[in-house]
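We begin with a single chain expressed as structure tokens, specifically the form predicted on its own.
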Amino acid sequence: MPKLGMEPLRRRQLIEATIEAIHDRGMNGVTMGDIARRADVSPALAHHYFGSKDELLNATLRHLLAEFALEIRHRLRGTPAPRDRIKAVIDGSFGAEQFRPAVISAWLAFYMQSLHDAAAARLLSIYLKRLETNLRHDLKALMPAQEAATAARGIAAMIDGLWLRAALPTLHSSPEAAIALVDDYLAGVIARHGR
């Protein structure tokens, strides 16, 4: 029987092990037994906490989304100016934690998983909507609401596309170069609206 209070620690260990396993073996090569070994727990305990591999994968995606949201909230804290808040979202999207090799592998795997898994698709949809909403909120202080919605959609699309380019070494981009491109786009959008 697990010790009282160990469940949150064990869940976290299993989620971290899942991220590493996906990085090493890909989404399809990962088994509950492999994840359990990496977390130094029994496969039965992994099943006890998560039920199935799919539930563990979705918990891992929720963890990645929560970590990303925490990073953005941290960057937004004490940042009242709308332009600076937008910049904080852009910078957080390309932050160092998002560019650990294992995290990159996990995010890419989950994007692919969302094509076939309704729960993963729902979670990614929430992330994409939240990103656009956060951007639109501060853009509305700089331009009319309709233009803010269009600009938010454009910035969110650039973030995702450039993140992919920065994440894949074969495309030879960097997070800093991606940030500079999004910043240039943002400056152009704001300039068109006279602010």
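Residue numbers here begin at 1 and follow the sequence given. Between two forms, the rigid core is the largest collection of C-alphas that superpose within 1.5 Å. On a predicted model such as this, the values are computed, not experimentally measured, just so you know.
Same protein, other form: the form predicted together with a further copy of the same chain, not shown, and the subject of what follows.
Residue Ala156 is the only one of Leu139, Leu61, Ile35, Ala156 with a heavy atom lying within 4.5 Å of a further copy of the same chain in the predicted bound form.
Contact here is defined as any heavy atom lying within 4.5 Å of a further copy of the same chain in the predicted bound form, and by that definition not a single one of Leu76, Ile90 and Pro144 is a contact residue.
Proximity of Asp184 to a further copy of the same chain in the predicted bound form: non-hydrogen atoms within 4.5 Å are present. In the predicted bound form, at least one heavy atom of Leu162 sits within 4.5 Å of a heavy atom of a further copy of the same chain. Not displayed here, a further copy of the same chain is approached by Ile22 to within 4.5 Å at the level of heavy atoms in the predicted bound form. Taking non-hydrogen atoms only, Gln98 never approaches a further copy of the same chain to within 4.5 angstroms in the predicted bound form. Residues Ser105, Leu108, Ala109, Tyr111, Met112, Ser114, Leu115, His116, Ala121 of 99-121 are found to place at least one heavy atom within 4.5 Å of a further copy of the same chain in the predicted bound form. Taking 2 Å as the criterion, Lys53 counts as shifted between this form and the one not shown: its C-alpha moves by at least this amount when the rigid core is aligned. Once both forms are overlaid on the rigid core, the distance between the two CA positions of Asp34 between this form and the one not shown is 2 angstroms or more.
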